[in-house]
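Let's start with one chain on its own, the form predicted on its own, as structure tokens.
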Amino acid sequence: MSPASFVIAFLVGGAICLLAQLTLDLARNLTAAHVMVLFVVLGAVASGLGLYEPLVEFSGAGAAIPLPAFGHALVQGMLKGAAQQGAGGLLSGGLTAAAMGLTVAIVIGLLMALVARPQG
């Protein structure tokens, strides 16, 4: 990998994060949860339209790590599942594609709940 690929990944990932932060700051009626869901949905829509995969190919981890990539993974899994199993593969394909990310989030959340001491 060339140093330029790291710079591109940093710039694209940073731009996605900047857009999320601007959305959170400028849309006062949206919470962080709203913005997270919005960006997952935007990633899914962009993936369904064939726009997100070229961004991932261009920027690598810059687009493959932020929240829109989760929506992209769900849609790509659903399309693959539907191609292999028909309509029934829509649900299983999406869940299969997102299983590792969901598992890590659940396990880390459990560990933090066991270790952290909430205040309030």
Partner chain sequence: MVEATREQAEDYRRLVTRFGRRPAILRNAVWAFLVGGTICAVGQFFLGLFLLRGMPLKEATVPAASTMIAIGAILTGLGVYDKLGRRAGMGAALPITGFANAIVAPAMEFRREGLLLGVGARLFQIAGPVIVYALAAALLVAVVRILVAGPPGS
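Positions refer to the first chain, counted from 1. Every value quoted in this text rests on a predicted model; they were computed, and no experiment measured them.
There is another form of the same protein, the form predicted together with the partner chain; it is not shown, and what comes next is about it.
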Next item on the list: Mark Gly50 yes when one of its heavy atoms lies within 4.5 Å of a heavy atom of the partner chain in the model of the complex, and no otherwise.
Entry: yes
Next item on the list: May I ask you to list the residues of 1 to 19 that have any heavy atom within 4.5 angstroms of the partner chain in the model of the complex, in sequence order?
Entry: Met1, Ser5, Phe6, Ala9, Phe10, Leu11, Gly13, Gly14, Ala15, Ile16, Cys17, Leu18
